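Just one chain follows, in the form predicted on its own, and it is written as structure tokens.
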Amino acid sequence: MTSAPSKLYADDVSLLVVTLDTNPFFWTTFSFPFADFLSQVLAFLNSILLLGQLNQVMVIATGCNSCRFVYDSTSDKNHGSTIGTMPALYSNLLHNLDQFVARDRQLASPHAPGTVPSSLLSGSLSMALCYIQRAFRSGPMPPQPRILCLQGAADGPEQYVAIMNAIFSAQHSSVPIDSCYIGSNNSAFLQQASYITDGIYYKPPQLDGLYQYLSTVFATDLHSRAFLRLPKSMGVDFRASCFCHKQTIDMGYVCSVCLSIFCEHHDKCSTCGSVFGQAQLDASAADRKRKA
């Protein structure tokens, strides 16, 4: 992926922003324990920092109701600090993660029995892009940024607009969004995010070897990817979510003014207020009649 022409990047320095799915409703119903998942992710993050002394890692916890920065490798308190024999990467991240999960559980809202609420992916992507924009302004040669989404919960159609806005913002800033999806099915949102931003979408076939997949697929910096044969997505689900019922649809109605998508025909766009079809003709006829 080519870098943005308006910015100078350090090719050998990476800024990896990781969005970590902590949805308790998903992990309690998933066959792979969250503790095993987290242990392999921590080993992967540690390997990123070991690959280069100047590499930076930021971790954003994604819950059902909120998001929060839980680890920043550039923070002064994370440089060489230890608690007993535990490095700062593990101790500080785990401590902040425990606090976040407890707080997010308090914000939980009731949901239908037998359903798994979606994680707030749109919020974590927005936070990641804000952090990257701050890194862009840190100096003439900021590290090469990329986002890695470690997601397990299913897509939330109600977040479609916010997620697409984040995807196009990342594309405009030449920030690739890599996606490692561990859920049962594929994620249409993450497939589109990786495709549009020239990132990598991958669904590990065996979660027991998750660290191996993370280190071989997602550890490479943007400069090195041009020399490697990385996995390519076999297909992308480009289906959109309607603005009226927040459901994923195959066919629908599109407003010609603001491009809002609806699963049913409406006389008027609920987004911009434009009048459609026969309703517009009837309104024009009524207006002419009043003027006459």
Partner chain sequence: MGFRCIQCGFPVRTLYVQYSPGNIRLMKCESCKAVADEYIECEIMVPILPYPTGPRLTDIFSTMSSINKQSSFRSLILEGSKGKLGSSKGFSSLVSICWKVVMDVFFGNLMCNDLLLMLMISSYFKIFLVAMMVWEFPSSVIVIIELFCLSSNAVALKEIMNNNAAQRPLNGDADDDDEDDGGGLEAWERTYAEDRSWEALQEDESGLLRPIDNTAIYHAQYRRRLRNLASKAATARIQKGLIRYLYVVVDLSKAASERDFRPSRMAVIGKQVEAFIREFFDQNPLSHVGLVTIKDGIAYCLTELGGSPESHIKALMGKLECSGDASLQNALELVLGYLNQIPSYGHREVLVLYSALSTCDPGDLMETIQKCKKSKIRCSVIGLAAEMFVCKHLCQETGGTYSVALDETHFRELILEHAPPPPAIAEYASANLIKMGFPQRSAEGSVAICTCHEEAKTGGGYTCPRCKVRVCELPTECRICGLTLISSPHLARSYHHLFPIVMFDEVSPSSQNDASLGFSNTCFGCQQSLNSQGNKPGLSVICPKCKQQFCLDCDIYIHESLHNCPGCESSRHLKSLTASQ
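Each form is matched to the other, and the largest set of C-alpha atoms that superpose within 1.5 Å is called the rigid core. Residue numbers count along the first chain shown, from 1. Computed from a predicted model, the values in this text were never measured in an experiment.
Below: the form predicted together with its partner chain, not depicted.
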item	value
Its partner chain in the model of the complex reached by all of G123, A162 and F243, non-hydrogen atom within 4.5 Å	yes
Contacting member of V217, L94, V101, M127, with respect to its partner chain in the model of the complex [4.5 Å, heavy atom]	M127
Heavy atom of S109 within 4.5 Å of its partner chain in the model of the complex	yes
Contact test in the model of the complex: Q171 vs its partner chain, heavy atoms, 4.5 Å	yes
C64: touches its partner chain in the model of the complex, heavy atom cutoff 4.5 angstroms	yes
Partner proximity in the model of the complex: Y253 to its partner chain, non-hydrogen atom cutoff 4.5 Å	yes
Interface stretch in the model of the complex with its partner chain - options 219-227, 36-44, 49-57, 65-73, non-hydrogen atom within 4.5 Å	65-73
Within 186-225, the residues that have a heavy atom no more than 4.5 Å from its partner chain in the model of the complex	Q192, Y195, I196
D267: Cα shift of 2 Å or greater between this form and the one not shown (core-aligned)	yes
